[in-house]
Ligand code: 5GP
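Just the one chain here, laid out as structure tokens, in the form predicted alone.
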Amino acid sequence: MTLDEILKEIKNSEKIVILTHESPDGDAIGSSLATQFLVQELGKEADVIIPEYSRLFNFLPNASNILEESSMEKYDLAIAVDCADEKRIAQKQYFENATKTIVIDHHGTNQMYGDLNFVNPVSPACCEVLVGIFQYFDIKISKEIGTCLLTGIITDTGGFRHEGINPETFEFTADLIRIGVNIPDIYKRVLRTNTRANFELAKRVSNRMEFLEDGKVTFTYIDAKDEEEVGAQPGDHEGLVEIGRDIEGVEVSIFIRQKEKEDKYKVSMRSGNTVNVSDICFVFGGGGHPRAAGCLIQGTVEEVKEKIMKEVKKVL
């Protein structure tokens, strides 16, 4: 059983690091911190390295311990969470240099790039995968751990709105309420609180939005100049792709964001009920979920738009 092997590797390791993907969302951050708690409950210590993340997640237990980088060149064990592809790991050199590697994830596009891989594509969030791991290891989930786990579940399910949620999702949520996890507070912090910069970017995104293919597709963007002008910080672009998807009649929402001042754009896509945007992003070396995915494409705004729309038109 893979989980037995994972347990053995953690117990046999002294220097452990936990990593996740670039531009981390609530599931990535919640999974990372929950895994740190897991390692601690097993009598070990672990560094969590996340170079940049939204300050809106600073309320999470142990968030103050997150490192941007480490002085440790080589770890005994590296654990990657909520990351389908090794190329997307932030500070991936720690993963590459580790003696042993473990991958815990829920993406159907996961490349199985670890020495040990525990991936459940049926789970709506990596944090829900971790719930099962805590239970298998017979580790009690505290209020602090539960706060991290539920933050990941709430963000990746859009507040229990997206496909993929299951009875276990709500059963676990009920258990957390019983131990005192403040679900309304988490919901407000991660889904209903926007920074001023995010609000300003949202106005630009809305003003630039194009309706394509008889209103079935929306396309919009922000560039490095936009982020500079509004004083954007890491994470201030979160949720902007949802603006298009929430419009009546829209099946695919496309939002692109310039990667610093390079001639490259990070593409975020969301879909309604029929289009698998993960398949589209896979064409460009990305991936994700059927209804939420991303990739990186080189070119100008118009060039990126043309490349993406060429693939979207094939599946509409």
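So that there is no doubt, residue numbering starts at 1 and follows the sequence shown. On a predicted model such as this, the values are computed, not experimentally measured, just so you know.
From this point on, the text means the form predicted in complex with the named molecule, which you will not see here.
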item: Heavy atom distance at most 4.5 Å to the named molecule in the predicted bound form, all of H162, L191 and R245; value: no
item: R88 within 4.5 Å of the named molecule in the predicted bound form, heavy atoms; value: yes
item: Partner proximity in the predicted bound form: I18 to the named molecule, non-hydrogen atom cutoff 4.5 Å; value: no
item: Proximity of I141 to the named molecule in the predicted bound form, heavy atoms at 4.5 Å; value: no
item: Any non-hydrogen atom of K264 within 4.5 angstroms of the named molecule in the predicted bound form; value: no
item: Partner-proximal stretch of 267 to 275, 43 to 51, 29 to 37, 57 to 65 relative to the named molecule in the predicted bound form, 4.5 angstroms, heavy atom; value: 267 to 275
